[in-house]
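Listed next as structure tokens is one chain, alone, in the form predicted on its own.
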Amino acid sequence: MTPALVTRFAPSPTGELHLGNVRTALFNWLLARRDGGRFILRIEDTDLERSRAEHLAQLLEDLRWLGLDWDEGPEVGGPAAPYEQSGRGPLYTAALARLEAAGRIYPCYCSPLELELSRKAQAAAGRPPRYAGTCRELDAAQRAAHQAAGRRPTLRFRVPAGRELVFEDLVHGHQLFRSDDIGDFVVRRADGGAAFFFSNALDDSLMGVSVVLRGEDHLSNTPRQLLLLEALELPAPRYGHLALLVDAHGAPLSKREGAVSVRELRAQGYLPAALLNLLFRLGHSSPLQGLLDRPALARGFDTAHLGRAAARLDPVQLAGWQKEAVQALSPQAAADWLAPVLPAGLDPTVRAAFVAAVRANVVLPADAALWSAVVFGEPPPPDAAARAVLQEAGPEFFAAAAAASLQHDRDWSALAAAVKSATGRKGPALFKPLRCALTGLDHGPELAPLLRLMPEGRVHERLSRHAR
């Protein structure tokens, strides 16, 4: 019997999730759901200075809002608990002890300044920067002298010489790295904390993760992690390194560079379906068209369709998927989505009619807020295009329109017919001035349902303003 596929998402709670993080989570989640496997959420919080409880809480909330549930992880539990690396210290200590007993690690007393000078010297000599092995063969007396001087060592893994490390990447295909190009690397920091190379690889293996999809910036980490797991006699997952997601300027999305977060997008009113459908198609080709729900996204996901070129995040594409997601909402869901921008205490029937009238013209709730002001409050001052239309129509046109509104008020068809009869105008020359006077804009939703929702006398009041 083939073991169940297991994937994972392993974020650090040092900031808010952005869309690059979410795409990684999504692809791992889709792969697990497609094959009936398991999806693990692991929190890599060994950076104690930058990890924050509030970031973790927001991360969990964001994933649940997106519908990316996890089978093992925080607040769910599982056989490999704990799922926060800050609680897995004893496992790391035991693994390091095994490596030490096998002679595979050694203390390194080099300071950051010494390491930086060494890298610069290698670069100046045209050699790739790698650890020079300064502390590799220190004897007991030399180590004791460093200890007496107050130097706190890191622990480095002894990379064997003359090895060729070969693996098949699920995205980039055949990969070959030479161990002589890698250099001994840190597995435990000077403060006693486990280094990323070490804890990440160890946890993947101990948690039974069979496939890891992660950013291509980690591709060069893979040979180091394969060496570690080999030394510990532990199984390694298959790796697939995703092309980076970049912004409009071609820069990788980054927390530190202020990439917009999921929380911010949610606050603006973006819908989970819009974000997931966009990300599904960034760096992953698919013949599937239209808005897909999560099960359909899972059925359509294929690692063979993952691309190697950087995927560009296009706000126009996001707006397009958002518009489709809005149109797919049920009437009740659409009303709930827009409720925060509508007047408090609005009659449910009126609210439903308003949402039905404007939703074709709404991408975000802020768009509906504008039309809410038009219908229930005051329209915005006419913009330049609207002012030109109003000026061209002239006061006599609006005098006739205001007079017609006394009889027809909120009946758009009858009002337009009466103004047409009184002024001889038709087509855009008739409808545009009326729209600009009533809404402050020369474009927007169909006017008939909007007028029916306006308070009595509001139509006459707005048309009269331009009759003077």
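Quick caveat: nothing in here was measured; it's all calculated off a predicted structure. Heads up: residue numbers just count along the shown sequence, starting at 1.
What follows is about the form predicted together with glutamic acid (GLU), which we do not show.
- Contact annotation: of the candidates 376, 196, 321, 106, the single residue with a non-hydrogen atom within 4.5 angstroms of glutamic acid (GLU) in the predicted bound form is 196.
- Residue in contact with glutamic acid (GLU) in the predicted bound form (any heavy atom within 4.5 Å), chosen from 35, 442, 44, 409: 44.
- Contact between residue 88 and glutamic acid (GLU) in the predicted bound form is not found at the 4.5 Å heavy atom cutoff.
- Proximity of residue 11 to glutamic acid (GLU) in the predicted bound form: non-hydrogen atoms within 4.5 Å are present.
- Proximity of residue 277 to glutamic acid (GLU) in the predicted bound form falls outside the 4.5 Å heavy atom cutoff.
- Proximity of residue 359 to glutamic acid (GLU) in the predicted bound form falls outside the 4.5 Å heavy atom cutoff.
- Of the candidate stretches 376-384, 391-399, 213-221, 282-290, only 213-221 has residues whose heavy atoms lie within 4.5 Å of glutamic acid (GLU) in the predicted bound form.
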